[in-house]
Every structure is written in C-alpha cells, then in structure tokens.
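One chain is shown next in structure tokens, namely the form predicted on its own.
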C-alpha cells in the first residue's frame, strides 16, 4: 500500500526560506510541490528523506538559489486485489464513497455491494441514501458505524494530475463493515463443537 520512491528534481528555494537550515528549506519546497499530488507512481503522502542537494546557483534576475535535489518520498500505491480497511464517507443510489482519512476518492459502485441489497433514504440524513444488505433474513446496514474492508478493483488517474480515484468492492466474504464478520469465527467454532 505504501512504498518509498526515489526522485530527482530541480528546486528553487525562495529567499524567505534561506534563513532556515538548507535541508529544512528544501523539504518545505518539496512538500509544497509534491504532497497530496498524484504522480505516475501514486499519491505522494510524505517527504521521507533528502539524499543530496547540489548546486545553489542563483539565476540572473532571480534572488533564489536553485538546487538539484535527490530525495525519497512515501507514496500511497495500492495494487488491484489488495484489501484495505476504510471508513464510510457517504452513499447514494450509485454506491458508496469511502475514506482512508488522507484519501477520500474510493468508490464502491452499486454492482459491487453484496446482494441481495436495497438502497433506501437514510432516516438520519435526508441528503443521503443508505445501503442495506439482506442475508439469511437479517438486514445489515452500511453506515459510518464501522470500519469497512474493501478490495481494490480498479485504480484510475483522471486527466487532472492532482486527482485520483479508486474503485473498490465489498461483495465477497470478509469484505464490508467489519461488524458483519465479527461473530462468524465464534459461530464456526460452535458448529465445530457440535
């Protein structure tokens, strides 16, 4: 889900940051440039380390030094098929939207919600719909009460380079709100005893 990637870039350090130690100033510039941005390798979530900074050349007409920097970033890059724990954000008749806290563009389309199910108006929130899974005559509501496990089905990079979306599925054993599965191991143990 997370990996380290080494990058190289030319960084202009503005004059107002020159009062800071060089590594701190460069890290601030890199954070502004890369954090919460989607690169071809994934979503940049942190600057991990600065390996080297060379140069410090001041270009004519500019009061800021420019450095060639080699650095390591922490990238969020899940793979298709990976199961991730998320929280419910919202839902509508098209499906669910989940969040990881730092990343909120996870969509579970209606066909990938366990069946049989139904979508109904949420009595607690007039602006939303809620999904209900019906299993063995029991109804299980999908809401913000519990952690939700989902499987990554698709990762897409929209044309705007700072956005990213993922499609997930919760229509398999062990996926969906964790509360659905908490009692399963206890029931299986009881069945084994009889």
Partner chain sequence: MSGEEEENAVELKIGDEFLKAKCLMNCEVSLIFEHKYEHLQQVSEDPMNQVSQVFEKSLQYVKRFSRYKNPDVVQQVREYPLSFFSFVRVYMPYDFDRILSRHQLTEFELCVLCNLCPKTAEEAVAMVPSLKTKGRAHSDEVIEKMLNDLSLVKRFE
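Positions refer to the first chain, counted from 1. Since this is a predicted model, take the numbers as computed values, not measurements.
Omitted from view is the form predicted in complex with its partner chain, to which the following refers.
**Student:** Can you check 147 to 155, 61 to 69, 121 to 129, 134 to 142 and let me know which stretch has heavy atoms within 4.5 Å of its partner chain in the predicted complex?
**Tutor:** Going through the listed ranges, the match is 147 to 155.
**Student:** Counting only non-hydrogen atoms and a 4.5 angstroms cut-off, does residue 80 reach its partner chain in the predicted complex?
**Tutor:** Contact with its partner chain, yes.
**Student:** Can residue 57 be called a contact residue for its partner chain in the predicted complex at 4.5 Å between heavy atoms?
**Tutor:** No, residue 57 is distant from the partner.
**Student:** I'd like to know whether residue 113 contacts its partner chain in the predicted complex, with contact meaning heavy atoms within 4.5 angstroms.
**Tutor:** Taking the distances in the predicted complex, the answer for residue 113 is no, it never comes within 4.5 Å of its partner chain.
**Student:** Give a yes/no on whether residue 29 approaches its partner chain to within 4.5 Å in the predicted complex, heavy atoms considered.
**Tutor:** Heavy-atom contact with its partner chain at 4.5 Å: absent for residue 29.
**Student:** Taking heavy atoms and a 4.5 Å limit, what residues of 1 to 18 are near its partner chain in the predicted complex?
**Tutor:** Read in sequence order, the residues that approach its partner chain (within 4.5 Å, in the predicted complex) are 1, 2, 3, 4.
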